[in-house]
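The chain that follows stands alone, in the form predicted on its own, written as C-alpha cells.
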Amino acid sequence: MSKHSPRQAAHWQLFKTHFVEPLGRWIYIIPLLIVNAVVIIIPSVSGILYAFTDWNGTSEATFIGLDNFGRLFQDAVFFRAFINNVTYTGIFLIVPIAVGLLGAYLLAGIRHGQVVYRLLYFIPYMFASVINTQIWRYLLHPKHGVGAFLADYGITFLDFAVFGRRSTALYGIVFVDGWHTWGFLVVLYLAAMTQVDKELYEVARLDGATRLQQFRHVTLPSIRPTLIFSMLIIFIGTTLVFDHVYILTGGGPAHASEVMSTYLYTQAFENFDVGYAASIGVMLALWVSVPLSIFYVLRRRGWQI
C-alpha cells in the first residue's frame, strides 16, 4: 500500500489541481452568473425573440418573422427618433467634452482650493435627473423663468417656450443634460491630467511651446485613453437617453424631441405593441454595438486607448 502512495498522492494532486480548485472558484462565481442570467441574459434573449413576433404584452405572441423590422424602415417617426439620437450624441461629443477639457485644464493650474472647485463642478452630476429637469423647467418657463425676467428689461432672446417649440425642444434637452454631465467630465479629465509627467511640460516649455501647444501636443496625447473612454460612455449614454427627454417633453412637440428609447416606451406601454417595441430595442442594441466594436478592434490592433 505504501509502495503506491506516492502515485496516489500524485493522482490526488492532479485531481485537486484540475477539478477541486476550479470547482471551488466556480462556487463563488455561480451566484453572480445566476443574477447576471436572470437580470441581463434572459431578458435580452427574450427581447430579441419577441422582436420577431406580434405581441401586445398579455396575449399569446404570434411569430411574424421580419415584419417588425420591415415596418421600422417605413416608419417616419422612428427615423426622426434615430436622427434625434444622432444629433444628441453629436452635440454631446463636441460641447460637453470641449467644456470639460477647458474646465479641467484651467483647474489643473490651481494650487489652492482645487478640491472645492472640483466639488462645485461635480454637484450638478449628483442631482437626480428628476431634480435636474425640474430646476431647468422652472428656469426656462415661458412665463416665470429667466426669459420672462429678461424680457421685462427688453432682452427677448429667451422669451419663448424652449421645450414647447419644435425647433428648440431637442436642443433645450441637450443643454439641460449637458449641464448635468459636464462637471463629471471636468473631474474625470482633471484626474487624468494630474497623472501627466511634469517633465514633458518642462521640455515643451524649453522648446518654446505656448500653453495651447502644450495642451495640444502634451496633454491631449497623454490623456487619450481617458478621452476615448469618455467618448465611449457618452455615445452609449446619449443613445440610451430616456429620463431627460421623457420628463421635459415626452418626445414632443410632434415628435420633435423623440428619441429611440422614448419611442420604444410609447410603443410598448401606451400602444401595447410590445413586439414592435422589441424590434426598436434590437436596433438600439445594434447601434450601441458600433462604437464598442470599433473600440475592441482598435485595442486588438495595439492602440493605447
Partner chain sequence: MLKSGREHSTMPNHVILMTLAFIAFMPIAILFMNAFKTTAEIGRNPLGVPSVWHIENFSEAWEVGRYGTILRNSVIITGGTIVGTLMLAGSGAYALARLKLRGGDLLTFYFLVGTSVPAQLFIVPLFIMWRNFGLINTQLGLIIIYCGLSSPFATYLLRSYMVSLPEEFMEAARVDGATNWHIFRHIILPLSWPGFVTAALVVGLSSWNEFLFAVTFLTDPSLKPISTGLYAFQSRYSRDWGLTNAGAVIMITPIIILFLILQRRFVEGLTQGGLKA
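Residue numbers count along the first chain shown, from 1. Each form is matched to the other, and the largest set of C-alpha atoms that superpose within 1.5 Å is called the rigid core. Because the structure is predicted, anything quoted here is derived from the model rather than measured.
Here the subject shifts to the form predicted together with the partner chain, a form of this protein not shown in this document.
Proximity to the partner chain in the predicted complex, defined as a heavy atom within 4.5 Å, holds among W136, F163, F235, F82 only for W136. Scanning A191, L200, A151, M231 against the partner chain in the predicted complex with a 4.5 Å heavy atom cut-off leaves one residue, A191.
Across the options 71-79, 155-163, 124-132, 87-95, residues that bring heavy atoms within 4.5 Å of the partner chain in the predicted complex belong to 124-132.
Shown alone here, G281 lies within 4.5 Å of the partner chain in the predicted complex, counting heavy atoms only.
In the predicted complex, the partner chain sits within 4.5 Å of a heavy atom of G47. The partner chain is not shown here, but in the predicted complex it comes within 4.5 Å of a heavy atom of G109. When the partner chain is considered in the predicted complex, I64 lies well away from it, no heavy atom lying within 4.5 Å.
In the predicted complex, the partner chain lies within 4.5 angstroms of at least one heavy atom of each of the following residues of 161-189: W179, W182, F184, V187, L188, in sequence order. For L32, the Cα coordinates differ by 2 angstroms or more between the shown form and the other one after the core has been superposed.
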